Each structure stands twice: as C-alpha cells, then as structure tokens.
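Only one chain comes next, encoded as structure tokens, the form predicted alone.
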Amino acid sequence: MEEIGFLGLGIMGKAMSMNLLRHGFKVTVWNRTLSRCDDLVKHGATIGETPAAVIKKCKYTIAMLSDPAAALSVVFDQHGVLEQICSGKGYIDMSTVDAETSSKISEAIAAKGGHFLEAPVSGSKKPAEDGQLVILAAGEKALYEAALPAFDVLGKKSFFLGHVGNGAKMKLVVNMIMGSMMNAFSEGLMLADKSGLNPQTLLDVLDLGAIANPMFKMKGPSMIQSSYPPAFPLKHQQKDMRLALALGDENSVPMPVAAAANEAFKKARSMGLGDLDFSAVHETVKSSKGSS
C-alpha cells in the first residue's frame, strides 16, 4: 500500500498510526493541535500542516475524529480534505458518526472524483494499541480491498457491509448495546456491594457464566476501585447513545433501555466525568445511594 495519511491523533488515532509505523508503513500525520504529532515523528512519521496537505501527499488517507462535527470540519473547512481530494485518491473515515454524516462526506468526495470508505471500529485504547480492532467498513469495495493491508495491521477482523451508512449504523448498534450493558453492570456492582456481597466475587461469578465478556473482566476491577482511566471517553459514549437513539427514531424502534442508559451518561457528563472512561457512569449509581 502507498504512503498513508492519518488525520486525528486522539486516544485511538495515535495508537492506530503508531501501529502502522511499527509495521513499516510510511505515515504522514495531522492533528488540530500539531504538538500531538511529536511522538509519532520520533517513530518516523512526517507532519502535514493541514488536512489538505496530507491528502495532496498521500494516495490513501485515514481519519479518526471525535464526532460528526469534527469529521465534517476536516473535510469541508478551509484547507480541508476537499481542497485536494481527486481521482486516484482514497479517503477512509474511521470515526464514529451517523449515517447521514458519512453520506454527506461520501457524496462530496465522489463529486471531486475521489473514493470513499467509512470504516468505524469496535474497540478502544488497548485493542487499538494491540492491533485487535474490529473494522466495520462500507462504501467502495475497491478501496476496501486496497486498504486491507492497513486494516490487517489495525484490526483482527474486517467486515465489508455494503453501501455507505451501513458501517456507521452497525457501529452505533454495537455501542448502544455496550453502553446499556455498562449501566446494568454498574447497577449490579452497587447492588452486590450494598447487599453485603463482595463485588470481586461477583466478577468471578460473572466470568464463569453465560454473560462472561471481556468488558466486565477488563473494566470491573478498576470500577470497584473508582478508577476510570480513559480508554473510551464517556462523552463519546454518550454521543454514540444519542446517535443510536436517533437511528431508533428513524426506524420506529422503541429503545427504553438505551434511553435510560443515555440519561445516566448525560448525568455523568453533568457531574464533570465526560473525559474519564465511559465506565465512570458507575459514579452516577454511587451518587444516588444516599437518597434513602
């Protein structure tokens, strides 16, 4: 694969671009705060001063941005992607956005003769560092196939889901389930504790049963300790819940469990927990314990 551009060096983008460098890819990086590129430069990356500069230099460019507003800004603003995208160049947006945002970006890039693939990922900081993400791609099949060497470094499995929008929808469904599970898990930990049970024993029991899963095993011990180092910031989980609920509205799907989970994440944000890991929603249960 040709030299790869990479736009957005947050928790996920930095880990992913570092993985590409470690596996021998040439990478040109950009971040709104350019100083965040410094660590990657030490490992061989070069810096593009603007998204347009990265697009001009690289045949393929990946973006990993925080939300729909950021994804649109990087494409449509001055010195953005659209200024240099053209025939023969591919743009791969791995951000978690709604289908409407993906479609808007796809149409604009196609109008310039460029090629587009959405490819949001399932997984947070540790899977990103370990190249164990699950990639949910949709859009141009030829660009997907061209991107597979990079995807094989970034993830353990890639899915091609058809037309643009399907990747975004699948990611929102996955994160909606995850956010709802995290709320139930938080309530269970608190219920065990207040019932006189050892929460660690609860984790051991869960890990041996039908609902054993890596999220409970990974997050549980630190939640018991009220420690929430950000692997997936809570503010982004709440954004995904909001977008998933909007998708439910579009499709007339009742989602009372997800709606309640979203309210808990909103409460956590109002408590100033938005930059902590999404497991910090546990604090909303703890904050309610003294209401009796």
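Start at 1 with the first residue shown and count on from there. Note that the structure is predicted; figures quoted are calculated from it, not measured.
If you look for the form predicted in complex with a small molecule, you will not find it shown, but the lines that follow are about it.
- In the predicted bound form, none of the heavy atoms of Gln225 sits within 4.5 Å of a heavy atom of the small molecule.
- In the predicted bound form, at least one heavy atom of Met12 sits within 4.5 Å of a heavy atom of the small molecule.
- In the predicted bound form, Lys104 stays away from the small molecule, with no heavy atom inside 4.5 Å.
- Put simply, Asn198 is far from the small molecule in the predicted bound form: not one heavy atom of it is within 4.5 Å.
- Proximity to the small molecule in the predicted bound form, taken as heavy atoms within 4.5 Å, picks out 69-77 from the listed stretches 149-157, 69-77, 135-143, 204-212.
- In the predicted bound form, no residue of the candidate spot (Ser186, Pro221 and Glu283) has a heavy atom lying within 4.5 Å of the small molecule.
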